[in-house]
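Two forms of the same protein chain are encoded below as structure tokens; each is given separately, as structure 1 and structure 2.
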Structure 1
């Protein structure tokens, strides 16, 4: 068998073995990979950074556990930035499996800064039918959320007494792995012109760049790479930056196999001619 034929017929078990080693290497030998911050991620960071202490900002944890690995690091970094600057986040979820997960990340970050529920932040919990819920929040938060996640009436929450609808918020960021992002664009921005940014999984990002270019969203955080960029900006040591070495080694191996296979393919064509 000629050399180019061997390149085209590599036993897949070798490929799996080499990929396995590529994943193990960063766990054994720790190393730092520089993260280049993209403009769309920096705009989200700058928007929140420019808010004043006491300003109220909405954070949507609109994803379920299946997308936790990519979107959870974003939630941690954004909430850390809010609490560090004494910005008061209103948090809710439009994902039926996201309520407990959102409560976990919010309570953990709040505890690090000694923040108190109802005074420094408000967690509204879950409501179904994203389009209807977003439109009703634009009218009055008390319609879809008469009480918060813990059963406290909204009017009894000090932070929410003067918050009625989107006019009382500085902006919205939705972290989503589904169609919730589209509903926020259609109704959150399209109907109420609410300043809107999105955090989405890596495979979803390409679909939302047209909305970024048209100005319907002011920022976009894409996948675990985007989460790492945000952590680099906020200097938050989270899972985003930790995952970059693993992505780097595996992507290098995958690119190497692509190059090898193409060399073998073109060499095979030339040999046949």
Structure 2
């Protein structure tokens, strides 16, 4: 077997092993990687930063544990910013596996700031059928969510007494790993013209830039890089910034593999001629 054939026939398990080592390297040798903030992430930060204390802002935790690594850091940083600014978040999830995670992140950040459920924030829990739930929230939050996650009727929650529909909110951010972000664009923005920002997984990011360009969303946080940018802006020490050195080493390895395989491919093409 010639050298270029060997390059093209590397056992995939070697690739996994080298990637595994590349992921462990930053845990052993710590180093800093600077993060440049993109305008689409800054716009989300500026929007929340410009809200006044007491303003109500909707945060959708619309993802499941499979996307936790990418979207959880965004949720922590955004809720931290809300509580630091005394903004009152209304949190709900449109993902059936998201209810427990959303409760965990919300109660954890709220406890750091000594915020009380029902007064400083409201957790509505999970509702199925994102499109219908978003439309009904536009009519009245009491229709899809007659009570909050803990079983308290909405009208008995001090913070929600005067919150009826999207008119009473300043904006929406949906952290999404599925189609719910699309429904937020179609119904949240398209029907109710809510100022809307999205936090999406890396896989989804390229699909949502057209909505950013068309102005249907005012900001976009994409994947772990976006989460790291947001943490850099809010100075929140979360998993986003910590993940960047790991991303760097693994991306270097992947680039090296792409280069090696291309060299092998072109060398084998030449030898065939």
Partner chain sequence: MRKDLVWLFAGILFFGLLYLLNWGVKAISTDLLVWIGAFLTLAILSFLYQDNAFYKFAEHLFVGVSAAYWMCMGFWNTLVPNLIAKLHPPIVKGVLPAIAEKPPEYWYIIPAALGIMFLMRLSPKAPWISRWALAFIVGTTTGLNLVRYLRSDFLGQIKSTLIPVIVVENGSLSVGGSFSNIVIVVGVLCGLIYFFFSKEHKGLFGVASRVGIYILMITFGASFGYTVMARISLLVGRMRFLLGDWMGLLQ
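For the two forms, the rigid core is made up of the largest set of C-alpha atoms that agree within 1.5 Å on superposition. Small disclaimer: the values here were computed from a predicted structure and weren't measured. Residue numbers count along the first chain shown, from 1.
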| query | finding |
| --- | --- |
| Label of the structure corresponding to the form predicted alone | 1 |
| Two-part rigid motion between structure 1 and structure 2 - turning angle of the smaller part, in ° | 14 |
| Rigid core fit between structure 1 and structure 2: Cα deviation of residue 263 in angstrom | 3.6 |
| Inter-form CA displacement between structure 1 and structure 2 at residue 17 - rigid core frame, Å | 4.1 |
